[in-house]
Structure formats: C-alpha cells, structure tokens
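Shown below, as structure tokens, is a lone chain in the form predicted alone; questions about how it binds or moves come after it.
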C-alpha cells in the first residue's frame, strides 16, 4: 500500500463508522455497549453504507467488523416491539443488507473480532471471506429464543458445512470456538488475538491489491452455480471468462507472467 493516512468517512452515522485507507474500507458496527446488537437504525445505515461503498471505485475491498469485544450479538431484542411481524422485518431490513453484501462487485471480508451470534453470525456468513480472532465465537443463537435461522443463515450454512452439520449448529445453538469454526469451514483463517488487527489488515490489503474485476466475476460465477446445471455452469464460465479477458488487469496479468514478474493490478 502507498501509506496514505486513514480517512474516516460518513461521520453522520450513529451506529457505524467507515474508515477508508488505500483501497480498503472497514465498516465497523459501533454499538459496543450492547455488543453491537442490531437495531433498525443500524440496518438502515448498513444499507446506505454498503450501497455507497459498492459505487466507490476507490474502494477495492470492504471489511466488516465490530467495535469493542464483539462482532455482533445479533438482533437487539429491546428493539422488538409487541406485535412485530418478524417476516416483514426481515424482508424490509435484513434481507436487503445480505443481498448487498453477497452481490457487491468487490470482496467483502468479515473480521470476526469477538462473538458473532444470531443475525450477527448471518452477516459474517454472507461475506466472501472470514477471518476470526482465536477467542471469538460463532453462535446460531436463534433456537435459544425459539426462532429459526434467518438473514441468510439457512442458505449459507449448509453450503459451507453440509446439511447434517448445519442442522446441528442451528438446532442446538451451541457456541462454536474459533478452531472448530476453522475445521468446519465456517471461517477461512484464525489469528491469535494479539496479532489479529495486523493480520486481518493484511488480508484486506491483499484483496485490495488484487484484480478487482476478476473478484467480482468470481462472485457472480459462484452465486450462479448454486442453482445451475453443469452445462449451465460451463456456459456461464465461458461468458465470465470472456468479460475477464477484456479487463486491463487480465492483460497485465498475462504480460507479467510472460515477463516473469509480479503483476501490478489496478482494479480495472
């Protein structure tokens, strides 16, 4: 990275902070007094921030984390009023956020610094890549209050760990320690608490220095494959590769390979 100073943007948010630095943007859930529990204000601000970052060509990788000692404890139950329609709340508040993360045309990395429970775990699972602090925990906490997985967990969990293990996690609602999460494939990397800030920053920088358009097309291909046949996937791969091959980064990648040097990707 070039060594630019951190730039905090969108300071009018009450429940989030967004720090932009050399092609990365870290979006921090900022209600540490309640373990970053998610209220209506936070989902509104998450939608706005994710839309803004998705359109910012200067941002080539987005990180999602929590302030203080938690990633997110999930839905703020104090924000749930009598007679609430859980279905409407999900459709109007959570589902748009999950879709924005899953379809953003750049990598989104969950930086799981502490407990991620319920919808907090769902947010992490929706991201493309997950790094976890060694003392953090994942919890499918819905069943503990008589509810079912939501905010994408019923989609992502079985695709990550298989149906049997997904049922176990969702139905028992037990804490999942970092080493177990790594072994199950729920997260990609686990780092010691002491080095976690530096190591997670390194992951973001690696993505920010990579071929951004290729990452976007990889996401499209993987999303498409979930409901496609082999023939459909082969056709879609050819379509995506045609697009990728026309990018400046692909041309640079081939040239660098021939010249036996590291490529310098610009995200174009």
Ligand code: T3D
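Given the structure is predicted, the values throughout are model-derived calculations rather than measurements. Positions refer to the first chain, counted from 1.
One more form of this protein should be noted, the form predicted in complex with this ligand, which is absent from this view; the next part is about it.
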Report task. Go through 160-168, 110-118, 193-201, 126-134 and give me the stretch that gets within 4.5 Å of this ligand in the model of the complex, heavy atoms only. Result -> 110-118
**Report entry** Check all three, 69, 77 and 145, heavy atom within 4.5 Å of this ligand in the model of the complex
**Finding:** yes
Query raised in the report: Applying a 4.5 Å heavy atom distance criterion, does residue 35 contact this ligand in the model of the complex?
Result: yes
Query raised in the report: Is residue 141 a contact residue for this ligand in the model of the complex, using a 4.5 Å heavy atom cut-off?
Result: yes
Query raised in the report: Would residue 90 show up as a contact with this ligand in the model of the complex if we use heavy atoms at 4.5 Å?
Result: yes
**Report entry** Contact flag, residue 84 vs this ligand in the model of the complex, heavy atom cut 4.5 Å
**Finding:** yes
